[in-house]
Structure formats: C-alpha cells, structure tokens
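Here you get one chain, nothing else, as structure tokens; it is the form predicted alone.
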C-alpha cells in the first residue's frame, strides 16, 4: 500500500465523517465570530482595536477548535473500536496518527481564517507579516491538536475529554499573553507561562500583527516546533501504553 494513499484515505474519511458535517462547519464559523464580536464590543476602542485583538481571537479559535474536535474523533473511535481496525493497516503507526490528527489541524486553521477575514473587512492589515503569521497559525494548530490528542488518550468518554480540556485551555488563555502582557502577571505565574506552547504562538502573532514580541520570531518558531514534536511523541507513547499494550 502506498503510504500517501493510506494517509489521504484516512484523512478524507475523517473529514467526511466528522469535520464537514453542517453542525461542525457552522460551529467553526460561529465560534470565532462570537469571540471576535465579544472582545471587540468589550474593548470599546473602535475599529483601531481590531488589530490589537486579532492575535488573541485567532489563537483562542484555533485552541478550542482543535481540542474540541479531536476529543470527539479520537475518543469516539476508540470507544467504538474502529480505531483498533485502523491499527491493522500496513502503515507506520506514526503516519496513522498524523493522518488522524490532520483533520483537526485543518479545522483549526479554518477557524483562524474566520477572524482574519472579518478583521480584513474592517481594518487595514497591510502591515502584517503574512508568511510568519501563516507559519504561526499552522504551528499553533499542530501543537493544540497534539495537546488535544494527549488529553483524549487519558480518558474513555467524550465528555471527560471535553471537561479535562478546559483545565488546560482556560489557564492557557489567560497565562500566555494573548490579551494582557505576561509581565503584569505575578512572578510564579510568569514562570508557568513560559512552559505553555501557546505563549510562543501568541508572541509570534503579536509580533507579526503589531510588532510587540518579546522573543525573536525565529526563536518562537523553533520552540513551538519543538513543543509540537514533544507533544506528538508523548501522545504516541501514551497510546501504545494505554491502548495497544
């Protein structure tokens, strides 16, 4: 079996079964719009605040979109025993899990596109470094997806995965510098902030949109890529230990 055929067949099946369903598509559109509208109205700063809020809305949309969808797909297939049938396919286990998670990565990037298009219609985004911005969106989607995979492996029910995800998502929202600077946090919380992958993604987005980044963009990209690799490796280890062994 050609590996690329297996990859696209698994990804295509997940897209048709989970991600392209009308309720999921509508949720993927409404959720970023709701977040964007909420923060825009709350700020009360007029159209000039859109570029300031854009990095936070984009990152939150990706984080919630990827972790929520992966909690459904992976946990449901494990409970339904269809995941065990996939393990019989003559392809490397790493490729199988990349195929299973690629749908969530694409869904997260689609979620990010909604607030970007909304902001582009309302304000001038000519100063955005789009190449780095796109790379940041991709790496945030990948790291959030692999974090969702790690959470999904630890539970057996979908509602458990969603509940456990909130213990990671909400602290990350408020500790990673999306909506207020990390320097304003107490020192112990600042130390925790730099242990979160979204901190480096938020720094990338802030840097590309309005230039207020604390670390060099290349360093942020490198660290975020290392988080992606570490989370994926740890997830594979946990799947082998809990679901296969």
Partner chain sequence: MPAESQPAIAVSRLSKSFGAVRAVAGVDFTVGAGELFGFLGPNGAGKTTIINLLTGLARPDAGTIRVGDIDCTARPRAAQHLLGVVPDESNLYPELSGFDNLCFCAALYGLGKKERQTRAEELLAAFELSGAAARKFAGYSKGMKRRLTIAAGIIHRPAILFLDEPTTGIDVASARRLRQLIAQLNQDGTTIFLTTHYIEEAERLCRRIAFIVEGRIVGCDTVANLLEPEREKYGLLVVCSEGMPAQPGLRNLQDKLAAAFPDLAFTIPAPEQLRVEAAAPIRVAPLVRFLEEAGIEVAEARRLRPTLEDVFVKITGLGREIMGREKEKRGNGG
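Positions refer to the first chain, counted from 1. Every value quoted in this text rests on a predicted model; they were computed, and no experiment measured them.
The discussion below concerns the form predicted in complex with its partner chain, not included here.
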property	result
Residue 166: touches its partner chain in the predicted complex, heavy atom cutoff 4.5 angstroms	no
is_contact(residue 90, its partner chain) in the predicted complex, heavy atom dist at most 4.5 Å	yes
4.5 Å heavy atom contact, residue 84 and its partner chain in the predicted complex	yes
Non-hydrogen atom contact residue 237 with its partner chain in the predicted complex at 4.5 angstroms	no
Proximity to its partner chain in the predicted complex (heavy atom, within 4.5 Å), stretch among 170 to 178, 102 to 110, 76 to 84, 141 to 149	76 to 84
